[in-house]
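There is one chain below, alone, in structure tokens, taken in the form predicted alone.
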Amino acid sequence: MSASNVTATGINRSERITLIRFIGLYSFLVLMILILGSTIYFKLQKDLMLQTKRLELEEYSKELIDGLKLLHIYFDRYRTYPRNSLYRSAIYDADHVQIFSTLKDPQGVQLDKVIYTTDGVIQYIHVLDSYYLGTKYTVVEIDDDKVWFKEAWRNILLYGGVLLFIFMAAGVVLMRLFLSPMREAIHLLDRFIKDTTHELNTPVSAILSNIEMIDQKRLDEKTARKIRRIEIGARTISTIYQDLTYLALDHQIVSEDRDTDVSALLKERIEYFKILGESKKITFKTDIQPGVKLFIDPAKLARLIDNLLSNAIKYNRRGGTVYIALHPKELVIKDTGIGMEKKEIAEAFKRYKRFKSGAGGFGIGLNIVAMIASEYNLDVKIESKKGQGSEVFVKWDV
């Protein structure tokens, strides 16, 4: 997974997902309503057209029956099937066998219906009481001019478009109403995080400063261990403070990019995290090439390194090892911890995503790494196997 492809926008992910789901569901329901309404309207227009045409076809059918009656009585004189240029017709016996037809398609006649439209024609079926010339069914057919069809579709598109616009406008209003409480909650949460973060800084800094001033060589072993545990806790809170500060103030901080000595900064951050690693008896092994430079804001590079080292410690096993290698265009940090499955790797850079609840943290470390990587076009990839540890690669082009 490449972190340079991870977008770091100011829109809350949960809000974006809620928007997409609401729009998708709402649009689907609107389309279903419009399709159902259009189908009902189309059928009504068709039925209305058939009822109108039925009056005309009934007259033609009476004319045809009169002609059949006359032919039946004077068959020896006329022997000519009645025809009219206004319509086409056919006659069938009681067994649905065709006696005579002038229809376009005599095979498609549906004698079980009364009036219907098919293949561009309208057909009307009449059942005779008296069998003239053996006829039980008469069929009268005229061309369907499709005027009703075009008119129905014109109205569906016109009024359907207007209704779609109204529904979507109403959807936007509803969406804003539904999202308003969420946005207010997010705003309050952001304020709480900022205020809490600000309040954390002073006591944590005071604790670390006072610990540094203590001459631990003069303390007995038991007291020294207590001081070390206090320092580890304070440094953990300090790391969390730095992450929360970055998330809260990232868009307000102006980057101070310059040629940064990555080698020196990496060594400094490793020394800082060795104290945290001691709590789990973690060993650090390094292969740091000196003089590696990168044009970047040192504070942001420190945040990236800190979060990778923090995760390597946090998700490592007790007594494990963290391997750190630095080369001119690549930083590699590997641990011997719990590892991740493939589906977990794909979600590793998501904010607030945690794969082990007992490991602590807020699930923001790798998200910050992704944000910094995206800003400086760094390529971050993770290789991991469940139960065997993870390896993070940070690459860049100079």
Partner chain sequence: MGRIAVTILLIFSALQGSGMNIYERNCVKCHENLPVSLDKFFFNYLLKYSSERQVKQALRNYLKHPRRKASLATEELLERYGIMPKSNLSDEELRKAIDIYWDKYKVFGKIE
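Numbering follows the first chain given and starts at 1. Just so it is clear, the structure is predicted and the values come from calculations on it, not from any experiment.
Heads up, the form predicted together with the partner chain isn't pictured, but that's what we're talking about next.
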Non-hydrogen atom contact Tyr132 with the partner chain in the predicted complex at 4.5 angstroms: yes
Might Val97 be said to contact the partner chain in the predicted complex, defining contact as any heavy atom within 4.5 Å? yes
So, in the predicted complex, is Arg79 in contact with the partner chain at a 4.5 angstroms heavy atom limit? yes
Touches the partner chain in the predicted complex: Ile232 (any heavy atom, 4.5 Å): no
Counting only heavy atoms and a 4.5 Å cutoff, which of 110-118, 210-218, 278-286, 81-89 contacts the partner chain in the predicted complex? 81-89
Among the candidates Lys274, Arg317, His72, Arg225, the residue which, in the predicted complex, approaches the partner chain to within 4.5 Å (heavy atoms): His72
Exactly one residue in Asp257, Asp195, Glu184, Asp93 has a non-hydrogen atom within 4.5 Å of the partner chain in the predicted complex; which is it? Asp93
